[in-house]
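First comes one chain, alone, set out as structure tokens in the form predicted alone.
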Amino acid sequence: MKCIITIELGTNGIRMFAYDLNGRVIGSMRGYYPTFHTEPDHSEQDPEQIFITTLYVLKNILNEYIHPKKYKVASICFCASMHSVLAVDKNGNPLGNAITWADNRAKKEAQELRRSALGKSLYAATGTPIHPMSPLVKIAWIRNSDKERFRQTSKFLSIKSYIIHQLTGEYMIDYSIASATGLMNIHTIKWEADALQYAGITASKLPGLAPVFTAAGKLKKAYQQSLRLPAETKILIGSSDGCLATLGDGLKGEGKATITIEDSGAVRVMGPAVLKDEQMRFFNYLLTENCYVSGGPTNNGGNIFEWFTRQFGDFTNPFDIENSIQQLIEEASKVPAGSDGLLFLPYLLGERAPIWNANARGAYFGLHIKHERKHFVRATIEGILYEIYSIGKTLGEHRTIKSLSVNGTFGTMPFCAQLLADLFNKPVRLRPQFHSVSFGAFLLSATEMGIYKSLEDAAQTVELPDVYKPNKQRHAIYADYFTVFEKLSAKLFDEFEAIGNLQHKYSERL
């Protein structure tokens, strides 16, 4: 019997699933690693810790579910979050930590580039909005602010490229992750010369570009032995979490959009054409040739409610974050829609779409003497989902959206799924106990194996049976409060910048 293993390198941890060739889950496991926020705009991870966690979880899933049942691993397919940058030396050793998508240190470079003619031409060529998340401006920041690391760097990698290099010795990056770097031309599928020149590097400083179906070499012999995997086990380079979540929800065709809310979040559509926007508000990432995943991302998803829970939740068990989250959501369900006039701007990590403001900050607005903790809980959830709605509303200016699907740990909670249906005034479909990113990786692997003729055929097999129908009365309430939320997000632009400057000014004196 053959099986497929999918490995997702997420923001706060790793998820692995094992599937039989019919798409049934044989087993799954998770591992965790920390993100270091040593200062407000810093977001880093230890690449070696991520690699050790990957090996640990892979060995465990093989020993518990695969080897005892005599399954043969046909392929291991990778997927990962986007926009990470890791500098390595000539021997492939990390030069410090990896910089994640949430890092905002390149604010100055991003602001200057975004306002320039070059920024507009790079956006048109690469499909990546100009923002500190972009590896393009992260590398420029390293060149400007960490000259010694820049000088020593042999290659700039994504986390996924680093993990694959550790396992196989190959330097590769798939089209999907590469199209989120701001360095690849999504029309020619080559590294963009103007982007390379801006970053101050040549193409030799980057891994080789490869389609998502590419086999990334063989496992090194040491890992073949320790994992008890044969040399012919295929290591598929795979794609990005965003593209595979979209595929895993069966989102091939017009009129459909998908919402992901995990640690971060996004609203996406998929189609054969690039979504063009003069205001540079949307991404256009390549899954395969002539297949683009377009939309807008938010920095502030389930990670914000987890932050709220850790600060203000009740912990019967010190490490039981999931139970504490559920208790707070039950508390929020006792508060009417709109949280009795309390609004939350969820921008604790700055923000990407649709405001693209790395200086944005969180705020509670409308507080009065009758508000209790339960109002703050509901307002926090509503604020996170108002931001998701603001992306979908902006996306709706360019694409007709008739139906929605939702995935991600936070988004698929029944309370959140219903709130999304009410906000968008559209039915929301999902499958309980279903992980869209990993299933998208399965579909990609199965297509590569010939089980499906194409990704389009694979997507048509996806079923999302549960439907949350909108409540018109709650939609009207949310529409009124969202108007205030949207105005606040725009009106506070100068104040966001001022408080960021003050924070920087006084932190330098300490």
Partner chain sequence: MNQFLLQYGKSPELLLFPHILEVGLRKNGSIQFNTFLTTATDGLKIYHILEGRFEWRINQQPHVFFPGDVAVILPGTPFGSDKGALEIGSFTWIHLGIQKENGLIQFGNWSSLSDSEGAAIGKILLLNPSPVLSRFNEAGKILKCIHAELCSKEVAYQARINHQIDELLIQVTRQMTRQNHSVRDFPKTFMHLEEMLRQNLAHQWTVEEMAALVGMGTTLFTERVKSYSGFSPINYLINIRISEAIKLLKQPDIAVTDIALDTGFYSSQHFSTTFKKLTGYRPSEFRKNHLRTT
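Everything numeric in this text was worked out from a predicted model, so none of it was measured. In this text, the rigid core denotes the largest set of C-alpha atoms whose superposition between the two forms falls within 1.5 Å. Numbering follows the first chain given and starts at 1.
Omitted here: the form predicted together with its partner chain. The next part is about that form.
- Comment: 29-37 is the region of 66-74, 470-478, 449-457, 29-37 lying near its partner chain in the predicted complex, near meaning a non-hydrogen atom within 4.5 Å.
- Residues 55, 94 and 309 are all found to lie within 4.5 Å of its partner chain in the predicted complex, as judged by heavy atom distances.
- Its partner chain in the predicted complex is approached by residue 220, whose closest heavy atom lies within 4.5 angstroms of it.
- In the predicted complex, its partner chain lies farther than 4.5 Å from every heavy atom of residue 364.
- Using a 4.5 angstroms limit between non-hydrogen atoms, residue 166 touches its partner chain in the predicted complex.
- At a distance threshold of 4.5 angstroms between non-hydrogen atoms, residue 282 is out of contact with its partner chain in the predicted complex.
- Though its partner chain is absent from this view, in the predicted complex it lies within 4.5 Å of a heavy atom of just one residue from 392, 313, 129, 338, which is 313.
- For the options 327, 152, 121, 226, the one in contact with its partner chain in the predicted complex, meaning a heavy atom within 4.5 Å, is 226.
- Scanning 124-163 for heavy atoms within 4.5 Å of its partner chain in the predicted complex gives just one residue, 162.
- Once the rigid core is used as the reference frame, the Cα position of residue 373 differs between this form and the one not shown by 2 Å or more.
- Once the cores line up, the CA of residue 154 ends up less than 2 angstroms apart between this form and the one not shown.
- Comparing the forms between this form and the one not shown on their rigid core, the Cα displacement of residue 327 reaches 2 Å or more.
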